[in-house]
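Okay, here we've got a single chain as structure tokens, the form predicted alone, with questions on binding and movement later.
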């Protein structure tokens, strides 16, 4: 299945691709009537458009497709183990379940790219994506900015490194496994991008990827050691984290600019199915239960551009 997202995220165009044309779309015979089982991956058939996507997999929107055949076809395509994400002509292929703990790009990934779409990075030469997973953000920035000479991906999940080596073709890219702190402190970067886990949890532990606020806190507190003087740190932070993160964003030594925001459903099942975690978010972080458009809980995601405040001496 191919998702082709509009650059402004106004719609998600869904296509059958490759062998799905034979198995799902009835293109299973050639002109002579011979059976066809395979098609090249670049062959596609448009199936449906979902307006204003707030999730990559939004069952509510799919269930509201009025035409029965189209609706069931879309459901079947979503069951495919193979997915291609296309945003602003940058594509990434992903095979579900092949790389445990590594997820295909989600709506917050694409939202992050939208916020940086018009960024001016022509004077920058180095970048690191911290907590990169399948590194779509770095891939997007790298393809749009050929002037970048060094692009580092970082993650603590060995499967993310395996995914990288299975898919990268650009020699500017490299992968650093495990904690990036010492690695970054030994060399400053012009661009640091981080789409971190942003949902706070009581008694948080850092190896749970859904509750990891220690990473954005570290990046802000150590910005002088890891970011070049004219460089930029980009962070995605949830409204649920503000009671904790506000104090760090108010640091007088940094310049903070909010680039973009989007409201999305809270669809992290390890959160939704954890009564203690949900109780904490509702009581302490102002998460509200309000059903509309098929979803009960929401958060607002915000992309921040953070720079060091440089004091010029006479």
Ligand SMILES: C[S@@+](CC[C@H](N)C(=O)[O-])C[C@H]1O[C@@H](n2cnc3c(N)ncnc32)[C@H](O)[C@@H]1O
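Residue numbers count along the first chain shown, from 1. Quick caveat: nothing in here was measured; it's all calculated off a predicted structure.
Heads up, the form predicted together with this ligand isn't pictured, but that's what we're talking about next.
Remark: of stretches 114-122, 77-85, 180-188, 222-230, the one touching this ligand in the predicted bound form is 180-188 (heavy atom within 4.5 Å). Note on contacts: among 156, 90, 244, 217, the single residue with a heavy atom within 4.5 Å of this ligand in the predicted bound form is 156.
Heavy atoms of residue 131 reach within 4.5 Å of this ligand in the predicted bound form, making it an interface residue. Among heavy atoms of residue 196, some come within 4.5 Å of this ligand in the predicted bound form. Taking the partner from elsewhere, residue 152 is found to have every heavy atom lying beyond 4.5 Å of this ligand in the predicted bound form. Proximity of residue 137 to this ligand in the predicted bound form: non-hydrogen atoms within 4.5 Å are present.
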